[in-house]
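Below, in structure tokens: the form predicted on its own, a single chain.
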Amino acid sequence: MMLKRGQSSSFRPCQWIVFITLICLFLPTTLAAAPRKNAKKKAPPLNLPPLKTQEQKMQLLGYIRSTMPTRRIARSISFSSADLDQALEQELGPTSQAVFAKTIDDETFIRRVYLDLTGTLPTPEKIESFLSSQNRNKRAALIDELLETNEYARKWSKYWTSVIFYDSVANKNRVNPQALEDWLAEQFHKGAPWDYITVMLISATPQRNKAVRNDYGQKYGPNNFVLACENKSTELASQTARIFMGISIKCAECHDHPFDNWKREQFHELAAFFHPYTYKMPDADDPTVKTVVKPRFLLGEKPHEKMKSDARRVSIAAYLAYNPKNYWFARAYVNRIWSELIGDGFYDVDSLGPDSDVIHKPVVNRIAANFRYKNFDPKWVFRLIMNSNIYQREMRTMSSTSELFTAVRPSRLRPDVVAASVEKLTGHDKKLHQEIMQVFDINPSLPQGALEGSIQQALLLMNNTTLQSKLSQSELKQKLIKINSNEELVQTLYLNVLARHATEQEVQRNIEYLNESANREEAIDDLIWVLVNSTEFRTKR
């Protein structure tokens, strides 16, 4: 059950009294009244209603969310794509106008927005329809249209599943990435807010069914975040901080972080939230010596000492998502989406610490704050960025920090997107699909500037016999054979493979090749091969 803001609860009054008591425990200490001198500190009784089902967890979390001040000020706040452009131009300085890349044309826009939102290329019919439309708001309308498709939900569920599982070493028999992907796709499709999705993942408490072999609860999608971390307290702590706060604290498991302010105790206090029993931190010099550590969130919040493990996971989810002082949570999501769409982030997506540099911090902070005000609506972030001038600029490789965000960086397409482009031409082939997914696999948390192509990728597109055979027998090939006009043939080829019209120079070059070839069918095979092996086929431009 997804809990909506303002939704009424079916709890009885006595249970709400208990809840409100608990809320007091959640509030930051700065909001609490100062204790009287010499007053005897006495922990309030803890008599929580059962929190064993997701519905019960969501009822508590929903109540906490409704008390946050962001709810009250959200109605008076707005931040448009034009505001974003203005804020960014102010950051870049008055001379930056001279180095801004040009705005892309409609044909480049439709290819880019399809790849970013759906992971597929637009059809020739959709391209022609978009180009001929006289609607002055057709770009915004297309963004809105694609955000409502199943392809959008599936594309981004694949991305987040890869983020969670890329470095996982969990036993494959005990996890189910597909179940997680399906659940995420369902959430993105129905517009679930990011805080809800995060809370569901972090507060999951998978139970092993010993009556069934290899049943660790992995069929239920949200359990797989915990299972990907092997339900280990330390791994859950480091992955929660990395993925949902953009903070790298793993080093602090063994020693104080060498580059940031994170202390070893902070890491283990975070890990204590996820431990089913009393958590003990091993001594840095002698691991056989261990010290009991109480759970404490990075901003200082502490759960009630008598909370059981499932309730502690609910509490850390609340501290993570709903504490207004935790700006990292909203900023981590914004920075990831920005990095995927623009090609560079305001900082490396999962390695921010108190002492790390953030490029144009006021801009990312404003986006993140408004993301919170917009109830953590993932689609709002896409609309904000994709309707802005920065997203709709031409691509350009940038070598210096001062150039960032004056253009969009060329980006390598993710493996599922490359596979979709190939299958659009060849149809689905399970073995070929798996080869592409393996060879083109990339770490979704690395910046585009750190990604490189491989010889294996080039060889697969150049020499794979299954791919070449399927291209030669493809519907596109048969369609091109029936076209008598060479110019029409070339334009049809480009629209179907690269989702754009050929330039005049490209038309002339391809026509010359067709005219010089003794065998027209073989020449068509060659032309398809050339485009499939072009850099443009496997990158976003």
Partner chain sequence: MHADAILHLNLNRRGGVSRRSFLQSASLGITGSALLNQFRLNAAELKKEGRSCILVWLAGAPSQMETWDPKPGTPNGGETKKITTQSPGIEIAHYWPKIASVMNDIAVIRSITGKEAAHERGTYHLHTGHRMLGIEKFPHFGSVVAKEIGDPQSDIPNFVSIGQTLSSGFLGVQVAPFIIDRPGQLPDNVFNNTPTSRQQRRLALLSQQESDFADAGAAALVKEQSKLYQKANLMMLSPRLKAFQFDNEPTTMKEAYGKSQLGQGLLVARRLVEVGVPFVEVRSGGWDMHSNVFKGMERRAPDVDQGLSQLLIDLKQRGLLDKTLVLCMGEFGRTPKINARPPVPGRDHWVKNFNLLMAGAGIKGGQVIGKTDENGQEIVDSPVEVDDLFRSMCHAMKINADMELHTPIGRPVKLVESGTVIKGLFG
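Positions refer to the first chain, counted from 1. Quick caveat: nothing in here was measured; it's all calculated off a predicted structure.
Missing here is the form predicted together with its partner chain; even so, the following discussion is about that form.
Heavy atom to heavy atom, is Glu235 within 4.5 Å of its partner chain in the model of the complex?
Heavy-atom contact with its partner chain at 4.5 Å: present for Glu235.
Hey, in the model of the complex, is Val169 touching its partner chain, heavy atoms inside 4.5 Å?
So Val169 counts as contacting its partner chain.
Hey, in the model of the complex, is Glu452 touching its partner chain, heavy atoms inside 4.5 Å?
Glu452: yes, in contact with its partner chain in the model of the complex.
For Glu487, is any heavy atom within 4.5 Å of its partner chain in the model of the complex, or not?
Heavy-atom contact with its partner chain at 4.5 Å: absent for Glu487.
Just give me the single entry in Met437, Met462, Leu299, Ile77 that has a non-hydrogen atom within 4.5 angstroms of its partner chain in the model of the complex.
Of Met437, Met462, Leu299, Ile77, the residue with a heavy atom within 4.5 Å of its partner chain in the model of the complex is Met462.
Pick from Gln59, Ser474, Thr492, Asn510: which has a non-hydrogen atom within 4.5 Å of its partner chain in the model of the complex?
Looking at Gln59, Ser474, Thr492, Asn510 one by one, just Asn510 meets the 4.5 Å heavy-atom criterion.
Within 4.5 Å of its partner chain in the model of the complex, all of Glu145, Arg312 and Ala420 (non-hydrogen atom)
Looking in the model of the complex, the three residues Glu145, Arg312 and Ala420 all stay beyond 4.5 Å of its partner chain (heavy atoms).
Quick one: find which of 304-312, 388-396, 375-383, 153-161 has residues within 4.5 Å of its partner chain in the model of the complex by heavy atom distance.
This holds for exactly one stretch, 388-396.
Scan 488-523 and note down the residues that get a heavy atom within 4.5 Å of its partner chain in the model of the complex; none is a fine answer too.
The stretch 488-523, when checked against its partner chain in the model of the complex, contributes Tyr494, Leu498, Arg500, Gln505, Glu506, Arg509, Asn510, Tyr513, Glu516, Ser517, Glu522 at the 4.5 Å heavy-atom cut-off.
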